[in-house]
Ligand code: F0G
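The chain that follows stands alone, in the form predicted on its own, written as structure tokens.
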């Protein structure tokens, strides 16, 4: 008899979560102006808004926090973290920051100028926001399969090399770097193959253009390479990750994902001159170069977390839990982006509620309904997040309208996954009753989705 799968950890502490009624949730989301970000956490039963900083740390991480060195300069916790980052990435220079968007802010302050063009694979919201804030432009060079929610391509995060070459040829002097997101969050947490990374790296080198990884979920990407790409079956996750990074010139990382911590991030580079320039902005925006907005105890926990997240047993448990939810929803007939990504299940709102017009934010409407019915907080990855064109101020309508259910690491049980699936089936079975969308009544000029306010149509 084949043994059933079991998580490679046991529970030492629990946190109570509050139940509520549908009527209560209807009132709460109305007071929050129909923005799920505006809800207080005690009004959420299962929180899938993000997997960023919401996971559970291990006993070893908590132990490391007790020995954190809080020295302002030259903290031994910094030195420990620097050593682990060098071991995993191979990059020579390292700057801690308080989270991923802070790392982008520091690095892009050096590398991005007005009028620049930064190609990549479906830039995420903060990446695009930091670039456009500096009056530069992003260009999505994702493969076409990335925009087909039922295509089973195993590496839908890949960059189309011909599309990228086209951008290079049209803008030979105006591209400061290529940003390569692993895994690619905006296109469904989809991984990037080693073959594609090699090809993109080769093209970048031939044009003298640096390749920078957005590496928030690099360990999950390495797991997919091991499981899906021929030739890497016998390599460890750490070996695969280091090989991936060897094809780039540097990285930014939100350590709140594959770093397994609640707060933290960093920049790692091979270019000494860019590093030196970045230290100036790190001191201006983050703190001294040996803490960069992080406590010593957080750096100590991150050093352990990076080691734990690059172990196969942890990643197998993590990604299989997400896959279980995806498979269950598929069995229920709920339209989800295929194949299931590493950190989240993405609901295809274009197929789920096609009767709601796109200018009434159908994915947002679906996310709100999921909260009202089951107390589950997801997030819209569609027109609201795509924001307005910075020049015309018109809505940008991406090819995909998704609701992301991001699964926190080591946090929820299999029964929670079953509950989520049952609620979504209920919403799907009654989808024809969803006849209304939403209108924006207030929004910020950039990255509006965090604070936007809606009214129900």
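These numbers were taken from a predicted model, which means no experiment stands behind them. Numbering follows the first chain given and starts at 1.
Just so you know, the form predicted in complex with this ligand exists too; it's not on screen, but the next bit is about it.
- Proximity to this ligand in the predicted complex holds for none of 64, 258 and 318, with the criterion being a heavy atom within 4.5 Å.
- Residue in contact with this ligand in the predicted complex (any heavy atom within 4.5 Å), chosen from 364, 282, 185, 158: 185.
- A single residue from the set 58, 52, 395, 411 has any heavy atom within 4.5 angstroms of this ligand in the predicted complex; that residue is 52.
- Checking 234 to 242, 120 to 128, 296 to 304, 140 to 148 against this ligand in the predicted complex, the stretch whose residues place heavy atoms within 4.5 Å of it is 120 to 128.
- Taking the partner from elsewhere, residue 100 is found to have a heavy atom lying within 4.5 Å of this ligand in the predicted complex.
- This ligand is not shown here, but in the predicted complex it comes within 4.5 Å of a heavy atom of residue 254.
- In the predicted complex, this ligand lies within 4.5 Å of some heavy atom of residue 216.
- Residue 181 belongs to the set of residues with a heavy atom inside 4.5 Å of this ligand in the predicted complex.
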